[in-house]
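Here you get one chain, nothing else, as structure tokens; it is the form predicted on its own.
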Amino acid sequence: MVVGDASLDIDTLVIGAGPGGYVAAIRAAQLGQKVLIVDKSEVGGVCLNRGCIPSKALISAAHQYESAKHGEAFGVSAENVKVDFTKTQEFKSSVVKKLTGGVAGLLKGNKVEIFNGECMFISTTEARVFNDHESPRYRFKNCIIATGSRPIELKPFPFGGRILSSTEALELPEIPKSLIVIGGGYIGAELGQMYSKFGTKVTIIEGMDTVLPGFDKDMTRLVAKSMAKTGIEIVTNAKAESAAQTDKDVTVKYSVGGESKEVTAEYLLVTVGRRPNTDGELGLDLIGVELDERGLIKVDHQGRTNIPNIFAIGDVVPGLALAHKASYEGKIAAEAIAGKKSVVDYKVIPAVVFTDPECSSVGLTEKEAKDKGYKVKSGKFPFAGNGRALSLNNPDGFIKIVANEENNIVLGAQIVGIEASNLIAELGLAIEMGATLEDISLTIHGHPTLGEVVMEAAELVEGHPIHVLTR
């Protein structure tokens, strides 16, 4: 404990222990810096505790349940398949506990000091950290702000009772009989489909003309088709207007094409985006950190703010709110502080959605490439032409590769189908290293594997596919 006005000296202060902050802290420590990381909650942030990891654990459980009920194609049948959701939630919690415990161990192993509490800037080189027991003051040379984001709360749909954010939706003690989801983006689509697989009657209300509006229409069409199979009702081009809840249910009024409608369910999940945690008692205004009109911190190509010794990463800076983007930016900021010439390059940051089928994208879409002036060639190879996909009874979807027609360099790729989240990595590497279609097609892929579809898609774009007929 610090007494009076004395301050403790450190090299780098990291505010926020999510996937951006803890990675930045570890990298800074590896580079010889004395690091303090501060977080008022658990290490791992939203991603490990209330987002990416717990949602994927529940989604995996939903897939297991669905597979147990529908194994007829393999000659496998089971009777009275049931879900003990208490045990499902215990499994989810055990996964979270293992990972957060692992992160805490990594921080301590790299000699990063951890303070569980809040932080407030006193100046551009000093901050006070505090909790119920102590409030030491630290003098730092550099600081990395990684305070993350929180779900956006809409005035007509305040969180509480039967109106849930994604955080509460992941903590339900029982599978709801019915659920309304406002927002068909990646969070709403993932959680809505997950509960639908468990037997929940789900209605998704989306303002755009499709779920997952950030992805190509031919990808989202397959996701919408899969959702319909489990009974999800998708209402697009809709405007949610109000909600009224009782102790048993909640009714949402919405309009489509000027026509008023309403739907009632046990719970309402609102997933319309996230808001950066740049307000509150942190004191960014006190030290003059510049924000944009959305409350995001303005940074340069190394994550440096308008104050040279203060950096910001992750959900508090412009760009997609992705955990892997935050981790990447954390490494760059830590290396910049250490004097390295590292800079951000977002060319190969993938977007991944764990719907069924999964969707992933990296680099440029065909439209984006054309808008940038490239002369483009592209092609889609279907999973239906792949032996491994057929043997898994999961042939829906495709891999699309976009290339520069002038030199065959790969510009982008989109995948919808089984294991899209894993398969996109090879194509991200291809774009990062400036690989050509020939580099991919001449790389021997194991057989029978899903990875062969990447090779076959490259051959298709080249004009000589083996396992599909072309005109």
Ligand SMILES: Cc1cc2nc3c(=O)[nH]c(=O)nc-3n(C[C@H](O)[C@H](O)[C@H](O)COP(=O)(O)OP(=O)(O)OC[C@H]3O[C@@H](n4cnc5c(N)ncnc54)[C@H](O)[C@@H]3O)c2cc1C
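Since we're looking at a predicted model, the values are computed, not measured. Position 1 is the first residue in the sequence shown; the rest follow in order.
Separately, the form predicted together with the named molecule exists; it is not shown, and the next lines address it.
For a residue to qualify, one of its non-hydrogen atoms must sit within 4.5 Å of the named molecule in the model of the complex; all three of Ser166, Leu170 and Leu282 qualify. Proximity to the named molecule in the model of the complex, taken as a non-hydrogen atom within 4.5 angstroms, holds for one residue of Phe354, Tyr328, Tyr138, Phe157, which is Phe354. With the partner omitted here, the residue from Ile313, Val181, Ile399, Ala334 that has a non-hydrogen atom within 4.5 angstroms of the named molecule in the model of the complex is Ile313.
Comment: 313-321 is the region of 389-397, 223-231, 289-297, 313-321 lying near the named molecule in the model of the complex, near meaning a non-hydrogen atom within 4.5 Å. Using a 4.5 Å cutoff between non-hydrogen atoms, Gly412 does not count as a contact of the named molecule in the model of the complex. Within this chain, Thr443 is remote from the site of the named molecule in the model of the complex, having no heavy atom within 4.5 Å. Looking at Arg27, you'd find every heavy atom of it more than 4.5 angstroms from the named molecule in the model of the complex. The closest non-hydrogen atom of Tyr267 lies beyond 4.5 Å of the named molecule in the model of the complex. Shown here without the named molecule, the chain has no residue in 371-400 lying with a heavy atom within 4.5 Å of that partner in the model of the complex.
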